[in-house]
Each structure stands twice: as structure tokens, then as C-alpha cells.
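Read the single chain below, which is given as C-alpha cells and is the form predicted on its own.
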């Protein structure tokens, strides 16, 4: 296997007694779009600032192309950081904003003109090169900030919540735009976000952080389908958790019935567990007196592409969420108060210690 572009080896950052980053190790490959995902206080922004050189390490090392850059100052690292605020110069045109870094490097005027023209083509803003930032939309300003960060051709581009200031529709558009630009330019992107959808859409791999530690690192699909902890399962997407117990080689639900579930490793007879299952993996039908799990529709929520049902069952004190496609919703035709039967496949479950 080729040497990773970036290696973090047992990286730590302490603020007094607080361990913001705690023994973090990770490899990131060349041209990878990588997401650091976690709740507020998980350590993801601190980690990004250490990569940029704005925070010193308490311990460990950061290797870029096999060389330790832990003590290299920010302006000497082949790394650029794009802030959420964009920080564009309001008195400069788009072209001048993008050219600024090259001017600071004393590049020739002809080279600056050529590279700025190329970057304007890439970010698709050539026709607006003479405008000022306040004459642009939020998405256009975001692309200008991205162009300014990329024009110096860093080995690594760090993005700190870059889409946080955009509305929902524009965020969706810019997620695809960022992915396009990353593939076209061929630079490794590391994005920090608390938005799970953003990470799943854009990233080649996702790292989930909690309390400064790495919980799981995998492709978006693997993290969604095969979470390795209850926290990961709960943090990504919507998940139903059903309390249960291991008895006689079976998973027994709160109502005393065996439920379809993959038996977990490392747990023993009598252990309390939770069965995790995604809403779209549940099947429902009108109740016909069967002996399986049953529930009552508490509420429905129409989302256009799908219909969410909220069910009260004897499997859990908390309501269970079921997601039906538009076609399934038409065929099932359920409404509030209806009694339903529930079903699912064992392969679609994950079981964790309670």
C-alpha cells in the first residue's frame, strides 16, 4: 500500500485538565475527501487547527508526506485553511481576492494572471471577476474563498464548517460543487462538520469523534450500515433502539418475545442489550391478529419522497420511527390510530451492550 499523505500518530491536545484531543491516530490518503464528524466539543476543530499549525501539540506527531510538521509554523506548511466566515477582502474584486496569496509569494504578473484565470474557470466565476464580494450570493462567495485557498496549490485543504452560513437548498448544491472541485483539482480535502448528511454526501471516508477520541473511521455506507458503537449508530441518521436481554441464545425484547437480531459477540447470557434498526428497514402492515410485534400509529409525517410513521409499541417505551417510500405509503394507506404489525430481517439489526 502507498504511503499515506497525512498520518496522525497519537496526537494529543490538553487545555489544562481538559483533553480536547486524546491519543488520536489516523491515516489519510492522497486525493481523499475526508470528513471529521462529531458533536460540539468532540475535538474536531481543535484537530483541524493543529493540522493548520494554529495550535501546538501536547503530544504525538503529524506527518505530511512522511515528514513531521508538528513544529513547522503555519505559513511554512503546504496546507491551507478555509474558514466558515470566508474572510474575503471587501474592497477587492473577486480576481484580486484570489490573486492575493500569489502576490504575497511575489509571483510574476503574467503567472498570477494565468493562474487566476484558470481558477476562475474552475470555480465557474470568470464572468464575475470584476465584482466585489458584497455583490455576490452566498454560494458565489463560498466559491471565491475556495478559489483563494486552492490557487496556492496546497498539498492539503482544510475546511472548517464551510457551508454553515448557507441555506438548506444552497448547502445541497454546494456539497456537490465541492465534491466536483475536489475531484477536478485532485487535492486532499479534510472537512470538519457536525452535519451528518454533509459528511455522507461528500466524503470518501468519515471519522466520528467523541470526547477527543476516534470512535469509528470508514466509508459513509459502512458507518451508516455497520456502526461499531451505540454512539455512532445514534449520531448518523435516525435509529430505533429496542431494549432487550440475551437469554438462551436469543435476543428477548421488553415484551418477553424473541426478536430477529444478529447475536452480538463478546456479550454473555443475561446481559442487557439494545437492538438498533433503521426506520427504512422496518416493514409494517395492517394488524391481522398475528403473534409478532405490533404497534399503533401515533403520528404521520409526510416528507415528499417518503412518509414517516411514529408508532407506540410494547417493544419500547419510546415511539418507534418507520420510514416508508411514497409507493409503500400508497399501498399501505395507514393513518393515526391504526393498529399495525411490525417485521424486519435479522441482518438489518445491530446489537450493542445497554
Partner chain sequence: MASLANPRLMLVILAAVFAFLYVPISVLVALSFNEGGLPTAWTGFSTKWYGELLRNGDIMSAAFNTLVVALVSTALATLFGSLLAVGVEIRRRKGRFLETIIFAPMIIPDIVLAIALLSFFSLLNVTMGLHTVILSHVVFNLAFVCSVVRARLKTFDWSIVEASTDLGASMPVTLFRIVLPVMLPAIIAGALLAFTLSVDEFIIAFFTAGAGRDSITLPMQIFAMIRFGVTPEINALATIVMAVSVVALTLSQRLNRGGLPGQ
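Just so it is clear, the structure is predicted and the values come from calculations on it, not from any experiment. Residue numbers count along the first chain shown, from 1. Note that the rigid core is defined as the largest set of C-alphas that superpose within 1.5 Å between two forms.
There is another form of the same protein, the form predicted in complex with its partner chain; it is not shown, and what comes next is about it.
Identify, from the list 274, 277, 88, 251, the residue with a heavy atom within 4.5 Å of its partner chain in the predicted bound form.
By the 4.5 Å criterion, the partner-contacting residue is 88.
Consider the chain as shown here, without its partner, and state which of 80, 216, 175, 193 has a heavy atom within 4.5 Å of its partner chain in the predicted bound form.
Contact check passes for 80.
Honest question, do 171, 197 and 302 all end up within 4.5 Å of its partner chain in the predicted bound form by heavy atom distance?
The answer is no: none of the three residues contacts the partner (heavy atom, 4.5 Å cut-off).
Contact stretch among 184-192, 94-102, 253-261, 236-244 - heavy atom within 4.5 Å of its partner chain in the predicted bound form:
The contacting stretch is 94-102.
Is residue 268 one of the residues lying within 4.5 Å of its partner chain in the predicted bound form, judged by heavy atom distances?
It does not: once its partner chain is placed as it appears in the predicted bound form, residue 268 has no heavy atom within 4.5 Å of it.
4.5 Å heavy atom contact, residue 130 to its partner chain in the predicted bound form:
Contact check for residue 130: no, nothing within 4.5 Å of its partner chain in the predicted bound form.
My question is simply whether residue 118 lines the interface with its partner chain in the predicted bound form - judged by any non-hydrogen atom within 4.5 Å.
No.
Is it the case that residue 152, even though its partner is missing from this view, gets within 4.5 Å of its partner chain in the predicted bound form, heavy atoms only?
Within the cut-off, so yes.
With the partner left out here, which residues of 48-67 have a non-hydrogen atom within 4.5 Å of its partner chain in the predicted bound form?
Residues within 4.5 Å: 49, 52, 54.
Is the C-alpha displacement of residue 134 equal to or greater than 2 Å between the shown form and the other one once the rigid core has been superposed?
Residue 134: C-alpha displaced by 2 Å or more between the shown form and the other one.
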